[in-house]
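Below you will find one chain, with nothing else, as structure tokens; this is the form predicted on its own, and questions on how it binds or moves follow later.
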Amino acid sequence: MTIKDMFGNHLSQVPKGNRKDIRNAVEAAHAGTSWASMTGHGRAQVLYYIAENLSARADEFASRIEQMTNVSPSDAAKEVQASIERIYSYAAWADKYDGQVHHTTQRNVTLAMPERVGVIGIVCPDVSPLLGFVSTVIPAIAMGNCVVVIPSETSPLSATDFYQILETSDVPAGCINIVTGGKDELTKEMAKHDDIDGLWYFGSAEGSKEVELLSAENLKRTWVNYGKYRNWYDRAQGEGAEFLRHATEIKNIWVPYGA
């Protein structure tokens, strides 16, 4: 698949993923047990390492964003810096997103414990290709999930370049699996796949509706935006507890006490 800049000039070629690629990526994600078994503190250390390595190559990533989106050098640098800060934020959250203790009518201590969903499919927004990728992928893995990711269809090179960061940051195999290609086609395959436990979709209203319809058959958890605008630079919209909540499931544990 040919990637061009805003003026139609050739930039690069990326693979055009298909159903088999999604299937292979899901299998790899399920095999990535070492990430799921890592402690929150251990995951936090890896995320800090990712942020440090991205910071060391900030100029290179900013240049790539300029090429793909034709933004100014200052705007490209701003996106890279926002991405670095976002990774640091989730590194801090990784071992601090705790459960709660609830009172019940019976003599029980009720523990509400957040646990990872499992394998999450993520369809990234087309805008802000690096920040959109980081803002959706990092909270999911911070909670111990493995992910299958479709990056920005129009500007996927930030995600494919980011994979070089992952390979040098102690991220284990199977944790993050990137499949480039047609967004609509690949999203359908993920929605229909029985071994994907959750699916996040940031795209059109039509695509959101199709994700929910196709996911109903296998009871997959979905989080879609129905085409609504989200400002990824705004911390209130682009990061925080909302993302961590969708990256976890709550396990309730009842512990009886007293007479």
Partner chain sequence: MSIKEIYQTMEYGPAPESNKESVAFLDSHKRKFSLFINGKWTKPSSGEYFESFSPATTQKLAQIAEANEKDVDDAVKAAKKALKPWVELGGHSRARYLYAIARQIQKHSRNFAVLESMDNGKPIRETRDIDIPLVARHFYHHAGWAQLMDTEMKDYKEIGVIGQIIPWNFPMLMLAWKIAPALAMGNTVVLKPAEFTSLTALLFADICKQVGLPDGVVNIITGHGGTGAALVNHPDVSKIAFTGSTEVGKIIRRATAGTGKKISLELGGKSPFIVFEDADLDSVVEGIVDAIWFNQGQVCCAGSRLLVQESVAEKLYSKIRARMETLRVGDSLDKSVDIGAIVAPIQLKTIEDLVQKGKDDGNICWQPSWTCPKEGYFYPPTLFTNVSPSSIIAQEEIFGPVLVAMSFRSHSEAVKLANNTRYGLASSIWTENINLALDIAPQIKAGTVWINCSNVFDRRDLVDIESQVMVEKAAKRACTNM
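Numbering follows the first chain given and starts at 1. Given the structure is predicted, the values throughout are model-derived calculations rather than measurements.
The form predicted in complex with the partner chain exists for this protein as well; it is not shown, and the discussion that follows is about that form.
Name the single residue among Gln45, Asn231, Ser55, Asn218 that comes within 4.5 Å of the partner chain in the predicted complex, judging by heavy atoms. Going through each option in turn, the one that passes is Asn218.
Residue (of Lys16, Arg235, Lys251, Arg19) lying close to the partner chain in the predicted complex, criterion heavy atoms within 4.5 Å: That would be Lys251.
Contact stretch among 184-192, 100-108, 76-84, 136-144 - heavy atom within 4.5 Å of the partner chain in the predicted complex: Result for this chain: 100-108.
Within 4.5 Å of the partner chain in the predicted complex - does that hold for a heavy atom of every one of Glu115, Glu212 and Thr222? The answer is yes; Glu115, Glu212 and Thr222 each reach the partner chain.
Closest heavy atom of Arg245 to the partner chain in the predicted complex, within 4.5 Å or not? Arg245: contacts the partner chain in the predicted complex.
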